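The chain that follows stands alone, in the form predicted on its own, written as structure tokens.
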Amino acid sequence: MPKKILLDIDPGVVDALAFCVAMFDSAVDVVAVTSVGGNVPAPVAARNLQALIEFIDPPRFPRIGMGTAADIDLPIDFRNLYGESGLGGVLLPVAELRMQHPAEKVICDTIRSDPENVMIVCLGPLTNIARAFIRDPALPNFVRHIYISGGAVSARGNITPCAEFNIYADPIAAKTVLDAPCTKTIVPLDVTYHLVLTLDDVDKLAGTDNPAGQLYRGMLLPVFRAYRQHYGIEGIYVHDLITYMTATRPEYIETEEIPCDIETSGTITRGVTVFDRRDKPEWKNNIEVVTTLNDAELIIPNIINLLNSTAEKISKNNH
């Protein structure tokens, strides 16, 4: 039976691809999707989510919630990598909704309507989830599981020397979620750094004669150029896509329960995930950490297959 998931994303190219995969993935039933500011500001993320849904036109629309800006300033965004639109320069047409449902309300309503059956997959900062938990303090008791794309155990950071972006973007929200009494798994940079999307992988995607193939390439190719220019890398890290795959296919992962806390206010340590790995930890275990990817060489090919399956279904819809 497909897993019921609520997808919280900040599209952004990689999150947009994860959304495309999820909406036609037979392994899941996407009951709700919420946008959150992160890779792009919250209004851009909200617009991109609505535009992607209109483009994909899935057979069954999930509940949609739009996030607003975090209460904490975000001193950086990634439009230098992902373009002003956040989608690599692709600008999808959209009839913007006048009435937008707040993300935290959609999260609360979705979990409350089907308690203990909905898994939350968080691919951006944790602003929306924290706000939902503050709005409804008992809500964590009814969440089946939360998967979080973020953090670093011993890997280098990807936004500061030691902090990962999703946690850094709203560390107070991340700590709120970390402290909540529900089952949580974090997928850190330590494992997601090992997989990179290459131009050879893009060549295996649907071609430009397919509407989704046009979208994939239109989003990805400018990001390859930006990664080469800014990082000197011939490829793209796809941390959030890997998190989606491991959350929906747990056979890919090995986990270990490790006590964790988050630095919320340090000048050079904002957003650092601190794990108590002493021989005799003094902190209580509060999160499962993905430590190993099983059959890692299959994850990117399976992502390509899922994207192509989505492209085929979108093409049929357009005809």
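A quick note: this is a predicted structure, and the numbers were derived from the prediction, not measured. Numbers follow the displayed sequence, beginning with 1.
The form predicted in complex with ligand RIB is left out here; the points below concern that form.
Taking a 4.5 Å heavy atom cutoff to ligand RIB in the predicted complex, the contact residue among Asn158, Gln100, Asn210, Ser85 is Asn158. Leu189 is the sole member of Leu189, Ala130, Leu197, Met219 with a non-hydrogen atom within 4.5 Å of ligand RIB in the predicted complex. Among residues of the shown chain, Asn39 is one whose heavy atoms approach ligand RIB to within 4.5 Å in the predicted complex. Among heavy atoms of Ile107, none comes within 4.5 Å of ligand RIB in the predicted complex. Residue contact check for Phe165: one or more of its heavy atoms lie within 4.5 Å of ligand RIB in the predicted complex. His239 belongs to the set of residues with a heavy atom inside 4.5 Å of ligand RIB in the predicted complex.
Screening 137-145, 165-173, 113-121, 85-93 for residues having heavy atoms within 4.5 Å of ligand RIB in the predicted complex returns a single hit, 165-173. Contact residues in stretch 1-33 (any heavy atom within 4.5 Å of ligand RIB, taken in the predicted complex) are Asp10, Asp15.
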